[in-house]
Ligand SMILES: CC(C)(COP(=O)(O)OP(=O)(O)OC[C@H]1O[C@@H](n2cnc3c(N)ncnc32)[C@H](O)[C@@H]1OP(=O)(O)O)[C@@H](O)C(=O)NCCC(=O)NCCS
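Here's a solo chain for you in structure tokens, the form predicted alone.
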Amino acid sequence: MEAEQFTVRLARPDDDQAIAALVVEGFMDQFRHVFGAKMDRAIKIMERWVCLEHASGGVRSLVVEGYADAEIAGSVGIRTEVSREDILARGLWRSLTRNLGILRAVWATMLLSYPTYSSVASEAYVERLVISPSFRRQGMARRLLAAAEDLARDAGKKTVGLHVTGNNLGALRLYEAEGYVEVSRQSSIIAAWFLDIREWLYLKKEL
């Protein structure tokens, strides 16, 4: 099925669980190290995080769904408003400790602390772009990214920034083809050792 047969729309609150499931599915290899034996709690924790992003993180989400069965095949979250980092941090910590316990929550926080990003008033930031594995290579990521950029323009932003791991060559090629250029890199010894992520590339696009 081609991307034209799907529609992109703003996410609704009842989409949060589906978005969370997409994120966990898309980043399963990394999340296994984060959640360990409590992997079954991952979607619940991620759903809480998506809800926090929408309520306090200045993030708006878009989803792509098919006309036939309305199955959500992909999603992107883009930050266009001020993010309340204190509320996000407290909310995530409560969710982690409640579902994983203190020790695993500390471990998860360490692994999830990268990449770091300092927001700029004139810039929107792509928090996550994920497509279900069964729907990849159909142009959906490109459509979602373009729709996210439209939201950024509507919010008066001049640029869009995002991070991508250096070993995610498919995503890197997509972003470069859409006009994103590398600005900087950052790395973490812990992430390199446990997640096999050597570095994150920070890319930016002028709107």
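When you see a residue number, it is the position in the sequence shown, counting from 1. Remember, predicted model here, so these are calculated numbers, not experimental data.
One more form of this protein, predicted together with the ligand, exists but is not displayed; see below.
- Here the chain stands alone, but in the predicted bound form its contact with the ligand, taken as any heavy atom within 4.5 Å, falls in 162 to 170 among 46 to 54, 32 to 40, 146 to 154, 162 to 170.
- Between the ligand and the residues R98, R84, R90, R136, the one pair within 4.5 Å by heavy atoms in the predicted bound form involves R136.
- Of the listed positions (I131, I72, L111, A105), a single one reaches within 4.5 angstroms of the ligand by any non-hydrogen atom in the predicted bound form, namely I131.
- A residue is said to contact a partner when one of its heavy atoms sits within 4.5 Å of a partner heavy atom; R142 meets this definition for the ligand in the predicted bound form.
- When contacts are judged by a 4.5 Å heavy atom cut-off, G58 does not count as touching the ligand in the predicted bound form.
- Residue contact with the ligand in the predicted bound form: Y175 places a heavy atom within 4.5 Å of it.
- Looking at 30 to 49, no residue comes within 4.5 Å of the ligand in the predicted bound form, counting any heavy atom.
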